[in-house]
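One chain follows as C-alpha cells, the form predicted alone.
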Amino acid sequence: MIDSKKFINFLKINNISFYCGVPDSILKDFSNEIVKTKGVKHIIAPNEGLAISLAAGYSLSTDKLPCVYLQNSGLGNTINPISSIIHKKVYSIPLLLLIGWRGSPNIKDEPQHKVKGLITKSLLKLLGIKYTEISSDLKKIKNLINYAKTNNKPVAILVKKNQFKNKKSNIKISKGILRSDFISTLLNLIKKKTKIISTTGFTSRELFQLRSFKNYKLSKDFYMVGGMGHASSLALGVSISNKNEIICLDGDGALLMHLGSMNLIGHLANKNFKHIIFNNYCHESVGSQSTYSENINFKLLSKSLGYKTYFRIDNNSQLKKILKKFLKTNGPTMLEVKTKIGSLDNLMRPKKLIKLKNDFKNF
C-alpha cells in the first residue's frame, strides 16, 4: 500500500505543488492529505473537464507541472479539454493525471464501473497519454514525470482500489436534518404514482434501502448509480412527457458539477417537476471534501434561472410543514434541505439494474 503523505512529499520533491480535481473514493486519503499539506495549492473542482482547464492555466502561468486527480468515471468529461487544448497537436501543455481506476480488471466492483474500467487504458492510449500503474517503485513515476516535462505532454498514473492507505479522517460536526429522515418523511407524503430520480452516492443507496425495508408502494425510483451530476437532466427528460409528479433528489456537489441543467429546468420543466437539493456543503460519500457551497444563495439562483418558487428546510421542526407546502406547489420548484453528515448503517446498493429500469418505466 502507498502512504499518501510520503507520495505527496515525493511529488513536492519533483516540483509538483498544484493540485485540483474531483473527489474520488479510491483517492480520498490522497485528497484529504493534500488539504493538510503545507506549501501546496489545492482546488476542488466541480467537474473533471474544468479541473483540466484550471491546471492548464496554472501551467501556462508558472511553467510548472500540475496534478489533476479524478475517478476514471469522469475521464469522459476531460476528453474535450485534453484533445482540444492540452494535446501535443494543439497547445502541448503537460499535466500529471492521478486516476482512481474503478472497475479495473479482476477486481470486484459495482455494475456502473464495469464498462469504464475495461476501456480506461484504451481511452488513455487514444488520447496519446502515456501511463503507469501506481506502485512503491517511485522511479517509474519519476521517469513518467520527466517524460511529461520533456515532451510537454499529459501523463497518467492509474490507482486501483485499496492502494492508498485508508487513514481515519476527522468527521465534520454539522447541523441540519439526516438525509435518511427526510427521505422517509417524503415517501410518506408524496402523491400516488410519483416517480423519483435520485442522485449518485448515499442518496440513491438510502432511498433504495428505505424502500426495500419499509415497502413503500405509492411511488417508484430511478437510481443514478453512475453519471454524477446528471440526475436533474434525466428527471427533466422524464417529466416532459409524463403527467405524474416527478421529484429529483439531488446533492450540492452533483448539482454544481453540471449547473447548466438548472437553466433548462427553469425554462422547460412542467408544473410536475420538483427539485430537492440536499446541501451538506461536501462530497460526503467519498471523504467529505468541500463543495464550496456554503455561500451560494440557491433562492436567488433558482429564481434567476426560471424556477417559480423556492423553499428551504434547516431543521426537523420545519420538515413536515414546509415539505407539504412544497409538494402542493406547481413546479418547476426547488427545495433546499440543510442536511448533516451521517448515513444509514450497512448501506445497500441497488442491484438488478435492468429490472429496476423496467419497473420504473412501467409504473
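Residue numbers run from 1 along the displayed sequence. Since the model is a prediction, treat every value here as computed from it, not as a measurement.
What comes next is about the form predicted together with a small molecule, which does not appear here.
Trainee: Considering non-hydrogen atoms and a 4.5 Å limit, does the small molecule approach R179 in the model of the complex?
Mentor: Looking in the model of the complex, residue contacts with the small molecule include R179, since a heavy atom lies within 4.5 Å.
Trainee: Considering only heavy atoms, tell me if I134 and the small molecule come within 4.5 Å of each other in the model of the complex.
Mentor: I134 lies outside the contact set for the small molecule.
Trainee: Is S239 close enough to touch the small molecule in the model of the complex, meaning at least one heavy atom pair within 4.5 Å?
Mentor: No, S239 is distant from the partner.
Trainee: My question is simply whether H283 lines the interface with the small molecule in the model of the complex - judged by any non-hydrogen atom within 4.5 Å.
Mentor: Taking the distances in the model of the complex, the answer for H283 is yes, it comes within 4.5 Å of the small molecule.
Trainee: Which residue, I157, M257, I145, I129, is the contact with the small molecule in the model of the complex, using a 4.5 Å heavy atom cutoff?
Mentor: Contact residue from the list: M257.
Trainee: Do heavy atoms from each of E48, S73 and N77 fall within 4.5 Å of the small molecule in the model of the complex?
Mentor: Every residue of the candidate spot has a heavy atom within 4.5 Å of the small molecule in the model of the complex.
Trainee: To test your reading of this chain, name the stretch in 65 to 73, 300 to 308, 27 to 35, 314 to 322 whose heavy atoms come within 4.5 Å of the small molecule in the model of the complex.
Mentor: Selected stretch: 65 to 73.
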